[in-house]
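What follows is a single chain, given as structure tokens, in the form predicted on its own.
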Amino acid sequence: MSGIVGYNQEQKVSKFLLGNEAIVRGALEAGVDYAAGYPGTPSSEIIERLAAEASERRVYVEWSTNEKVASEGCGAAATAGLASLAAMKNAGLSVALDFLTHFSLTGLGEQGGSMVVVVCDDPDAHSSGDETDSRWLARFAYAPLLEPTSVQEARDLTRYAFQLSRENKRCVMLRSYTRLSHASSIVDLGPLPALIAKQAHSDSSACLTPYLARGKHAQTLERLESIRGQFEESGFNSYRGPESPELLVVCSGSAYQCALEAVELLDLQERVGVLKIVTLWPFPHQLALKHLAQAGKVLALEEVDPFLENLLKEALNDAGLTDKQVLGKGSGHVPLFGEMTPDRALEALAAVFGLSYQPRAAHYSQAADRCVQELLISRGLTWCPGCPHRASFWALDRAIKAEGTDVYVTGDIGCYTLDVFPEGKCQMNLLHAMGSGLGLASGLGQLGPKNYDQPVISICGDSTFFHSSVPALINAIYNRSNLIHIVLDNDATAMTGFQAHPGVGYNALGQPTTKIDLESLCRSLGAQVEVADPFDLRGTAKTMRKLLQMKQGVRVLILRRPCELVRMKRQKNKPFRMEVDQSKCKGQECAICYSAFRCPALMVEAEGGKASIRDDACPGCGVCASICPFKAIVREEVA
């Protein structure tokens, strides 16, 4: 724990906090009662840290099966008069929108509750399949939108978001992003509220519903205009620079710090003004116009999409100031994708003023490039040593080759996505969002009458299965699709940090709870179900071949083996001691173990090209002994 709480509430204290921890601290200071989410980088630490404080601060915290359910739980708590927080990454917001778009029309009711939705975007897609800009979706969902520019502001704005929500009886969205959520800084903290026994109560005399939608829509727009008036006067927005700048830089989020640095490095303090807008939606038009009117030129700095840039253009157009051009992504001064960086801000400012700018000396860049080419060895992305997914995909490859059929494989998001990265042919052919693998397979499995004769296999992890694959499985069974669905049950939400899910038997607080049996659930729906151990390569491949030969119906194969990191934590030992018999190893004549199987613990000796095993990296799973055609890899059971 980072020590988010644990001091006298009247004492003034500063703490070194992660951005997500600052959001948690702001929520605790606002008196949050209920928190829910689904893990996804860069948002995962929010629920994790709240769970660590749950007992002391009397907060209900859960890992929900998906983001829609998390938002619905938080919405229910808000209508009962409590303060709630839903946390998710950008992709998760798409899952939650169906509820949130309706909830924005109804409001929170009259019980005095509040609800904040924290969405953590991932510009540059560091750990995501895309870099979707959630700001558009806040506007789409009629949700007020706040965007911090620093770790301190993350704490401050979270507190304010709860206040804004409570006063306006509306859900409020707070947008974070990777460089904020995972940044660390000294944060000035405020007092925590006294612990009191709150009385949650739902108003059974009222009906909260978006129907009839037309009238609710009008009321929502009126409320947003009222909030816009508050945003026009908000102290979170600020301006730095001369009264009538040659260039006005308007920015939000991470672009603010980049803009300040660029202005200083280019010595443009007397020529450039910087307007920071934190209250992004409803957009404070009058505040923006006040500064736009004083400027010669305007440059919008932001990351990913031209959201702010378009709002500025709308404001100028509505005010009849169509002669003032807004530079930015549309003009080519700022890239249309990726993160905002100091270099990007510097390049944009230099281009506007016709200045010569070079981020670093040419000889430095050349030396750095040479180091990358000559000294760094790229091992690519791959699974951890002992990961059961490596064995699962190895068995799948062998089964498909043995059947000699052109199998089409669909998948979705999880550690198993790494199948697409190793060198050589991957197994997955179609990869999209969580739960999409089975939904796509369900569609392909209906194409037999259209002369589609390829067997279809979909793949998902156990956490993803509960998140969004169950409806697709029901759809496939109900509509009599023809497919095989493989669930990689590694007893963990491994990719995001081993958070709880309905199949592990404990909740977000580590408390024992009902463990949903995957096998029983799938059988109860009417699927043909098989269970195999992926480390039994021959047996698993045989089961896969049997399912491929069945030709019709929905067949589910559960490949059950705990994630190696989970197993090591539980057992704290190696099952086998592994070594290579150098007299049997064929080296580069074979190279299956280190070139095809590609476990990071397997190495090739510089002299002779034979395989060896790094004992410090090897978890002793023993699978590599099964893939060596010359029996050169020997495993010895550890007593």
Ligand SMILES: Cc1ncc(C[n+]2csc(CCOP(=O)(O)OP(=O)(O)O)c2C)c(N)n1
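It should be emphasised that the depicted structure is a prediction, and the values quoted were computed from it without experimental measurement. Don't overthink the numbering: it's just position in the shown sequence, from 1.
Keep in mind the form predicted in complex with the ligand is missing from the figure; the text below concerns it.
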{"item": "Proximity to the ligand in the model of the complex, single hit among Val172, Ala91, Ala500, Leu346 (heavy atom within 4.5 Å)", "value": "Ala91"}
{"item": "Interface residue in the model of the complex among Met434, Val409, Leu483, Leu280, criterion: non-hydrogen atom within 4.5 angstroms of the ligand", "value": "Met434"}
{"item": "Ser463, His467 and Asn490 all contacting the ligand in the model of the complex, non-hydrogen atom within 4.5 Å", "value": "yes"}
{"item": "Candidate stretches 92-100, 226-234, 353-361, 105-113, one within 4.5 Å of the ligand in the model of the complex by heavy atom", "value": "92-100"}
{"item": "Partner contact for Tyr416 in the model of the complex: the ligand, 4.5 angstroms, heavy atom", "value": "yes"}
{"item": "Thr496, heavy atom within 4.5 angstroms of the ligand in the model of the complex", "value": "yes"}
{"item": "Touches the ligand in the model of the complex: Gly31 (any heavy atom, 4.5 Å)", "value": "no"}
{"item": "Close approach of Arg135 to the ligand in the model of the complex, 4.5 Å, heavy atom", "value": "no"}
{"item": "Sequence-ordered residues of 17-52 touching the ligand in the model of the complex, heavy atom within 4.5 Å", "value": "Tyr38, Pro39, Gly40"}
